[in-house]
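First, one chain by itself in structure tokens, the form predicted on its own.
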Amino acid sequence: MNLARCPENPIIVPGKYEWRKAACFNPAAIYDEGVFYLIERAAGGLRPFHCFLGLLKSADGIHFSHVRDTPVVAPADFGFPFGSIQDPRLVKIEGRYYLTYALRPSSYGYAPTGIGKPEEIRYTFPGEHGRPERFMTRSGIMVSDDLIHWTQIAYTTPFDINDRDNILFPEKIGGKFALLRRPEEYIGATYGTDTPGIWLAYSDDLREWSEPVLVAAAEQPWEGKKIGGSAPPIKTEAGWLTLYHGVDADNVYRAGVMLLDRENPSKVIARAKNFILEPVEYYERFGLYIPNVVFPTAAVVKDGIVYIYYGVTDTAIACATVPLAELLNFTLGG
């Protein structure tokens, strides 16, 4: 698979506003009524690492400008002024926009791998309130009619586990909302996987969710540490084309692709053994904190071309494109 990286990558970089001075990455995106909209995860600093969500728009999917100079979502909106709102995914269902996100309730110094950076200096941040969930990440869903004003619907995961990469399918399946999840603690014989994998749950109202079932777990060395959903699935005649990310033993992040059954997306129809994207370019290999990361969180289809938006080294945002038919053939070809 040979994705075409945009020659202007990274297409969105930090700066301009205080709340996004240090980083902007892992965006949600949608193409709606002739306009590309992108919701970035952004941080004004690294210690502490408070993340916010900002809204941008574009006519061509490459050159974006901010819709407003303040975030559209902040952790304080959830009652956690020293927390972090992370990794949004965006869909439009029956005329309304739905945003899934991960919320970390407390401040923290950002050091997920400890690789390729100076020794971590620990601080005591305001907001480290001593509650057991202060190191947990909880996911949830918001709704909006204009992409600017968002209302919380519900949390989709409990506080006592780390559950990220919650992603809604862009339409109901069998009359129900469908949600991909990645609960970190669902490992071991009880769960049928030795490493964190991709799970699926259903809901009638977006508030009460079924117990999740395992969809896919790591199979190849490049995804041996864990996998998780990346972008909202793309509906095709063959099935739901689904991007996911894999992490290897050296904490290198790559992107893969699988095809899920249209009527029963817990069933994997096809899954490419090889990744479709790995860190190659300088901006994908070196950043503020984490090296060797490509992290797709959005896939937008326009005129038969898939625009894949991905975070690079938790620092900036890049774009790669590929014909939808080519990506589907690659997936079916294994």
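Start at 1 and count along the sequence shown; that's the residue number. Keep in mind that this is a model prediction, so the values were computed, not measured.
Missing here is the form predicted together with a small molecule; even so, the following discussion is about that form.
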Pick from 38, 42, 300, 293: which has a non-hydrogen atom within 4.5 Å of the small molecule in the model of the complex? 293
Among 302 to 310, 24 to 32, 60 to 68, 268 to 276, mark the stretch whose residues have heavy atoms within 4.5 Å of the small molecule in the model of the complex. 24 to 32
Any chance residue 138 has a heavy atom within 4.5 Å of the small molecule in the model of the complex? no
Counting only non-hydrogen atoms and a 4.5 angstroms cut-off, does residue 163 reach the small molecule in the model of the complex? no
Does the 4.5 Å heavy atom contact test between residue 226 and the small molecule in the model of the complex come out positive? yes
